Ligand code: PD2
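Here's a solo chain for you in structure tokens, the form predicted on its own.
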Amino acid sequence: MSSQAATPELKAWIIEQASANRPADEVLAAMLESGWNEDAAAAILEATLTTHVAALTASGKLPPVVAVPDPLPHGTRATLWAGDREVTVIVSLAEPRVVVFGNLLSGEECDEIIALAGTRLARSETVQTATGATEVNEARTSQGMFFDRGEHPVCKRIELRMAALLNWPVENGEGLQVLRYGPGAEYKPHYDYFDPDQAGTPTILKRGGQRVASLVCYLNTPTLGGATVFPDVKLDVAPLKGNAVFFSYDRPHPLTRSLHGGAPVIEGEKWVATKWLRQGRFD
């Protein structure tokens, strides 16, 4: 690999690494260790992977890319107007698409959502894509509940704000899900989209189509732990009351690098409200 030429053998090796789900930064590091110039290695790596993904998509071996919510269609800004309040942009990551917002919810709104949800909590379930049903999963040890969309004035106000912020219709969103994580509770890394290879997915998709983005709002600040983690890019987002983390996934595939989880709460508790965005109207 020290010849600095994009040989067929090099391209095949890069594709082999990608097929084995080896992170791109590790592949790049291996090329640098073999004597590659960093700029040349990065260019060849990007070109090879882009061509490979395009070929797989054209052949039907990968799902096609779809439109997704985009809070920053014209580039990163320090603040955004969300219809009724100004929201700050704390972090903006392009690949995977992750944006951390500050001041999305007021302290009073956070407290009200917790109070409304508190009496309806039950052990959290996950969607079983093999059947389309939900079930208790040991990977998710929180308590949770769902509000219907617009169920309370505070829900409606927050949902309108989210729609304005993310440039996505209110009707394309699921109702808010509220989760409580006590000490030791966690949600192991997972994807939010529905696996297209599972038998139950077509039934799930009849109601709104695929999930294309997630917005996780922090309703309180745990004493210790509870970060939202993105293992593929080694990013941890600390839970801070009123803040939120947004991430999108333009196809139901690990290529989106949207793998994420909720790290264990070490001390205190963590409350979050999650909004999932669908391709189409969710009724």
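In this text, residue numbers run from 1 along the sequence as written. Every value quoted in this text rests on a predicted model; they were computed, and no experiment measured them.
A second form of this protein, the form predicted together with the named molecule, is not displayed here; the remarks below concern that form.
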property	result
Heavy atom contact within 4.5 Å of the named molecule in the model of the complex, the stretch among 148-156, 164-172, 100-108, 188-196	188-196
4.5 Å heavy atom contact with the named molecule in the model of the complex for all of 205, 210 and 252	no
Contact of residue 261 with the named molecule in the model of the complex (heavy atom, 4.5 Å)	yes
In the model of the complex, residue 248 touching the named molecule (heavy atom, 4.5 Å)	no
Heavy atom of residue 17 within 4.5 Å of the named molecule in the model of the complex	no
Contact of residue 143 with the named molecule in the model of the complex (heavy atom, 4.5 Å)	no
Residues in 249-280 close to the named molecule in the model of the complex, defined by a heavy atom within 4.5 Å, in order	260, 261, 262, 270, 272, 274, 276
